[in-house]
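One chain follows as structure tokens, the form predicted alone.
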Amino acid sequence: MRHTISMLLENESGALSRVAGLFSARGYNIESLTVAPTEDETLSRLTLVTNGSEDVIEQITKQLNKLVDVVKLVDLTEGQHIEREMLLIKVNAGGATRAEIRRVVDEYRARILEESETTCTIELTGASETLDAFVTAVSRAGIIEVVRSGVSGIARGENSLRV
């Protein structure tokens, strides 16, 4: 099962490396990883997506909690939460293809960032499944390049990941 784990880490060199090393040493895969500073300059928020059975996820969270750099951890999948990912995609957009690209962009509420004679660069933010569907929809035009940010997530309502 897919799990989104979010944690607060000490904002120090090597903290991310130790988290990634834990996954590597145990043979676990990280599907997506995002990390950035928080409002507290001493902490970074790391969000990662991984797959595993309940036992595997429990083992992962126990091992992560043992790391000195991990201040607090939550498995967002256990409660209601919001996940978003950003996509930048460059597609062929010459001739009649341009109108179809614009139609798909409007349908998905995406945004055209740049247009040239033959290409179009588009931005879309949403759930991973929405981004997957958008990539499929514009693939007929010919994809030149795709960049995805990885998942960011936050708990709904009063719940929060704070120290």
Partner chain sequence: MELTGADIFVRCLADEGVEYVFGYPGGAALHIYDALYRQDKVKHILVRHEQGAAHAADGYARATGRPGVVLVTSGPGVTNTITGIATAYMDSIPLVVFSGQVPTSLIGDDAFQEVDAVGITRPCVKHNFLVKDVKDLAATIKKAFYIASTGRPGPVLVDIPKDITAHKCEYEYPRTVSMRSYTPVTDGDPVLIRQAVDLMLSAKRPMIYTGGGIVLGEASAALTELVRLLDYPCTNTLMGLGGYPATDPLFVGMLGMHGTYEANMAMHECDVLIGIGARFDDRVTGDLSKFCPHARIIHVDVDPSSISKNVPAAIPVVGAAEPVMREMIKLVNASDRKPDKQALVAWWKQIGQWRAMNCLDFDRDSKLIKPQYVLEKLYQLTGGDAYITSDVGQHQMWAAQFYKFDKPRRWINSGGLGTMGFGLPAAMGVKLAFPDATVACVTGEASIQMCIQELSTCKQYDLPIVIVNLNNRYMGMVRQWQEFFYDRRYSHSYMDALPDFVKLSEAYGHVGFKIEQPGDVEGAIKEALKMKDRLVFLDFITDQTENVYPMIAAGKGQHEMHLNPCKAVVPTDRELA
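This one's a predicted model, so the numbers in the text were calculated from it and none came from an experiment. Numbering follows the first chain given and starts at 1.
The same protein has a further form, the form predicted together with its partner chain, not shown here; the description that follows concerns it.
Interface residue remark: L43 is counted as part of the site for its partner chain in the model of the complex, having a heavy atom within 4.5 Å. Looking at I122, you'd find every heavy atom of it more than 4.5 angstroms from its partner chain in the model of the complex. In the model of the complex, at least one heavy atom of V71 sits within 4.5 Å of its partner chain.
Put simply, Q59 is close to its partner chain in the model of the complex: some heavy atom of it is within 4.5 Å.
The putative spot formed by T97, T136 and E145 is not touched by its partner chain in the model of the complex; no residue has a non-hydrogen atom within 4.5 angstroms of it.
Here the chain stands alone, but in the model of the complex its contact with its partner chain, taken as any heavy atom within 4.5 Å, falls in 62-70 among 62-70, 124-132, 97-105, 110-118.
In the model of the complex, E10, S13, S17, R18, G21 are the residues of 6-22 with at least one heavy atom within 4.5 Å of its partner chain, listed from first to last.
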